[in-house]
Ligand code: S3P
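This document opens with one chain alone, in structure tokens, the form predicted alone.
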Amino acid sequence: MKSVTIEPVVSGFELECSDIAPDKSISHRCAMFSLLSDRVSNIKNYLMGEDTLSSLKIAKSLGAKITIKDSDVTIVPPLKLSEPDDILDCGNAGTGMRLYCGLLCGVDGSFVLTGDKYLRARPMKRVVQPLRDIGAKIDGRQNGNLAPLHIRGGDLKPFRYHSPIDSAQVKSALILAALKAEDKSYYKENLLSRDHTERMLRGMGAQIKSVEDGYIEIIPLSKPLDPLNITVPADPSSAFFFAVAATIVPNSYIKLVNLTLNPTRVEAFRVLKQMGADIEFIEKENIYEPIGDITVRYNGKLQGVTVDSNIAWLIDELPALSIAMATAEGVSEVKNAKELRVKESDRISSVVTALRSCGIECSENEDGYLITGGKLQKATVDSFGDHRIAMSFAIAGLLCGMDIVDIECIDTSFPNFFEILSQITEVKYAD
């Protein structure tokens, strides 16, 4: 189990960062959605992380021919998805497992999805049950709540589903299933979650549109979709760690280049701006996704904030945002974020435990936490196998120094994280 020591920054930093990890959510979807076409998809700047490579490996096991050169990927889909002769390993990726459930439940054959020990402990019933309700045959441990999951693909019924959970993973799984259903289907959520699936599939020719009462209508495929020709933008969730760094380290500035500026992906930056950060969004193009740069400049002490809305838009950034809250003046609170309990770790418990070890006063609620801003102190922090906990407290180390245990998990989403961080401060590794 590897660990790392982060040394505090001696003075402020200035950095233009053009090598933020490619977007994880979009990379996963590129691997899967290419299987819905009958022509070659070309994907530039694919994320070469463990989880997204697992999604490519699964596509290959289903019959696709895949060529990788540096970070460019070519995917030749099979005429028909084939039944694999082995289990399909999603690694640590909840996105991979839940979306492949939706994609495969309408495909003839037998498929077994598994993952690492952390993924095998995460709840899958939120996807499994609504898929079962439309005819999908899915089983697994705890009556299908835990992986490994076995899918016997077949005919699917159309549906009208109002999801009790605002989750892009649940929505995407149901959309993929709807494309294979017998007739048009309808999906609704209370708050729009990440909409990469709708945007990308519409760009490939799928008929998905908003209709009455907040539902989206999905028409089943009558023919294969157009192939993907896309350059994956940088991941704003990954970039956000360094945005936080620039707002907590005095005299610092960073320019984050070629990110997706999708409104459902930059909410955390807006919260940081609400806390007093100097942040500017610069859109440069808008094809599949709005893409551009974000600049962040230190603007003095941050102010405490209450985060209780648009949670689905910033759920992944909340651990990093907790570091900003820990340095802010006054009390900050996160509410309506029970979804944090079922991520790579129980992120409510993980954040509170780690902040307390750093000398920050905080308390845990069922759906969030309260943080009283103070002075961070050096501590030894367990990542709990969660890449976002590990990276968040590495950023905290820029102020006070930090020892972080179990950092291999960072390779799932941001393999060059420490390479970028080392441009700001000294990073020391240990086994």
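One-based numbering along the sequence shown. No experiment lies behind these values; they were computed from the predicted model shown.
There is another form of this protein, the form predicted in complex with shikimate-3-phosphate, and it is not shown here; the text below is about that form.
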Is T327 a contact residue for shikimate-3-phosphate in the predicted complex, using a 4.5 Å heavy atom cut-off? no
Does S25 reach shikimate-3-phosphate in the predicted complex, with heavy atoms at most 4.5 Å apart? yes
Just to confirm, K180 within 4.5 Å of shikimate-3-phosphate in the predicted complex by heavy atoms? no
Is there a non-hydrogen atom of D166 within 4.5 angstroms of a non-hydrogen atom of shikimate-3-phosphate in the predicted complex? yes
Of 154-162, 80-88, 138-146, 168-176, which is the one stretch near shikimate-3-phosphate in the predicted complex, taking non-hydrogen atoms within 4.5 angstroms as near? 168-176
Tell me, out of S252, T95, S332, N262, which residue has a non-hydrogen atom within 4.5 angstroms of shikimate-3-phosphate in the predicted complex. T95
Name the single residue among R126, K273, R297, H150 that comes within 4.5 Å of shikimate-3-phosphate in the predicted complex, judging by heavy atoms. R126
Contact set, 336-354 vs shikimate-3-phosphate in the predicted complex - heavy atom within 4.5 angstroms: E339, K343
